[in-house]
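One chain comes next, on its own, written as structure tokens: the form predicted on its own.
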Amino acid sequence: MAESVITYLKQKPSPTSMNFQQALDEVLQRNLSQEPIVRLLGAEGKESAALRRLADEEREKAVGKSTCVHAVLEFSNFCRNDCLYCGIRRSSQVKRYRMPKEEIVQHAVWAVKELGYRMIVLQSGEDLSYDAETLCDIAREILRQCRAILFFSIGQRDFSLYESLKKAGAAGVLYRFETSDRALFERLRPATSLDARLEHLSFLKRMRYLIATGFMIGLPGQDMPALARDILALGKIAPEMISVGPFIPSPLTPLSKHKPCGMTLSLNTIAVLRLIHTRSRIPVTTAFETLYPQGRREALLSGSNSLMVNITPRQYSASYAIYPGRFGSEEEIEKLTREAVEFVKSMGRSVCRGYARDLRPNLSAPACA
């Protein structure tokens, strides 16, 4: 899989002269190439509204009204990387924390038993102080005390660590490639390699992990053809969950003076992804909710079918400062959970709290309720 993505990314970009309907027809007929996607991403006004409305209809047709409410627990903000866009980069002066193993387990089990979550993403920077033994102990102990789908979002760690985590009961990995533009990737992520990241994704796929991956929208230096290539590269990976979010500048980074991504482009991206990946989980990431006042609602009306709720203990959550003013990072967790569930219902949708077996029919795990 990694080789096919790498080969594809060497293709040259091309301009677009298509009109909106021609581009839409190409995508709906699965004649996927850069030109029609660029045209749809650039839709504005009535065209953008029509694109998003069609994506919402496609969502309901393909996966119904079910909208999952998942949790993310950020257990450490230490990171060995120095990515230019991230507020917890190695060079950042953010206040650092590491949750003890016992606290991670206790909090995750509480979220399952008391708040009703069935899927939790355990997330951190690339913090090597959590070795394979520690992470496996965390996974095993959580699953000993409750039934849940555990995703890990811990970055580019050794293959052997991910093998051990799978044996310990981890079901999925959240591992975004951020951008498929090699030059941009290596400029924004010093001392890292796009090819190595894609190879990790290929390995995780072969291990039968549930894969959540995606990219950032509106990165400084990212043009529309590059964003279209991100979407096409994602198709080569075929993830069960697609995680994308708008770029938000952090004052703790070298990109602090760049503009955030516009709402229309972000929503158009969600809509195009839904038209292509009809059955995938497409969460409303917290970046949408942080950057746009109506981001949660508009993303759900543009093809998204999942919400991610930040359940990090509030003594830590403000320090996981990947960007400023993160949505929900200071609200009471119980209140935030209750509001997310009520919000989904207010939109005429049904709430699920797990990861549906329709994406992996033989998955031995709680299904959506």
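Everything numeric here is computed off the predicted structure, so don't read it as measured data. Residue positions are given as counts along the sequence shown, with the first one as 1.
Just so you know, the form predicted together with ligand SAH exists too; it's not on screen, but the next bit is about it.
The partner is not drawn, yet in the model of the complex one stretch among 111-119, 200-208, 124-132, 226-234 has residues with heavy atoms inside 4.5 Å of ligand SAH: 124-132. Taken together, the three residues G155, R176 and P246 all come within 4.5 Å of ligand SAH in the model of the complex, as judged by their closest heavy atom. The listed set A43, M308, V341, I322 contains one residue whose heavy atoms approach ligand SAH in the model of the complex to within 4.5 Å, identified as I322.
Screening C86, I149, C136, L188 for any heavy atom within 4.5 Å of ligand SAH in the model of the complex leaves a single hit, C86.
Ligand SAH is not shown here, but in the model of the complex it comes within 4.5 Å of a heavy atom of M216.
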